[in-house]
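Read the single chain below, which is given as structure tokens and is the form predicted alone.
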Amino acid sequence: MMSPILLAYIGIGLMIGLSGIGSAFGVSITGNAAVGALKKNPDAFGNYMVLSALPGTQGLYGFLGYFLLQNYLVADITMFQGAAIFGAGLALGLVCLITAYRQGQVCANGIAGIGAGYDVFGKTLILAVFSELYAIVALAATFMIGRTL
């Protein structure tokens, strides 16, 4: 039988790992789009940089989730606490993985539009925040799960 502390640490690992992978995918997608757009419109680098960095926030949420749950990572943790931390970690990790990837796609389309001469920076930011919202909701759920332990 798996020990509760091991189960909790697996959840923490999934939370940090999956959210980091999602952010790596997202910023890579936007970074590639920015390089392509720079060839057409190099004057909009500031806009490209902001949109390229946006999918990186999900990786930070996974890291923040660890700090929200770290006080419960003790040797005498119960099976209930270990399972709760595992579930919170898995949920936050998966949500951040998917939202960062999809947000990267939204931002990459905005970068391509700006590169083509369209004024879509603000609208792209608004649309990209929609996927960010779900990562924030998952982080809030992790906080609430931590409060019940």
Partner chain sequence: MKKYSFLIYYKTYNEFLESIQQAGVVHIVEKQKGIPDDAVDLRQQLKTADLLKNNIRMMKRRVNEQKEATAHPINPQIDGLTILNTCEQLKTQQEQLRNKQQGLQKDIENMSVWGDFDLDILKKYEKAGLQINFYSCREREFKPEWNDQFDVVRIAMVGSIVYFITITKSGSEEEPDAEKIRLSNLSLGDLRCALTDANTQIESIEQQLNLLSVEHLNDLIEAQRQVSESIDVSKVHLHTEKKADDKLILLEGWVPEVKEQGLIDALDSQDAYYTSKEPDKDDKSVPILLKNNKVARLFEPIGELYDLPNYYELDLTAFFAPFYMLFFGLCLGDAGYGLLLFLVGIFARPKVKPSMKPILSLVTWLGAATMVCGTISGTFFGIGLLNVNWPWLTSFKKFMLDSDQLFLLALILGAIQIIFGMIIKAIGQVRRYGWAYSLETWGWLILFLGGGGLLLLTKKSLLSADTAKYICYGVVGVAVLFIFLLNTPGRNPFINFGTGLWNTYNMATGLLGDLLSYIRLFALGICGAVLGFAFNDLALSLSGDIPVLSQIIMLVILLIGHSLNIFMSGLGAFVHPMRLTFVEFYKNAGFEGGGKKYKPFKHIVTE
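A quick note: this is a predicted structure, and the numbers were derived from the prediction, not measured. Positions refer to the first chain, counted from 1.
If you look for the form predicted together with its partner chain, you will not find it shown, but the lines that follow are about it.
When its partner chain is considered in the predicted complex, residue 122 lines it closely, a heavy atom lying within 4.5 Å.
In the predicted complex, its partner chain sits within 4.5 Å of a heavy atom of residue 49. Shown alone here, residue 67 lies within 4.5 Å of its partner chain in the predicted complex, counting heavy atoms only. Although the partner is absent here, residue 81 lies well away from its partner chain in the predicted complex, with no heavy atom inside 4.5 Å. Of the candidate stretches 29 to 37, 59 to 67, 109 to 117, 83 to 91, only 59 to 67 has residues with heavy atoms within 4.5 Å of its partner chain in the predicted complex.
At a distance of at most 4.5 angstroms from its partner chain in the predicted complex, none of the three residues 10, 21 and 76 contributes a non-hydrogen atom. Of the residues in 122 to 149, those that come within 4.5 Å of its partner chain in the predicted complex through at least one heavy atom are, in sequence order, 122, 123, 125, 126, 129, 130, 132, 133, 136, 139, 140, 143, 144, 147.
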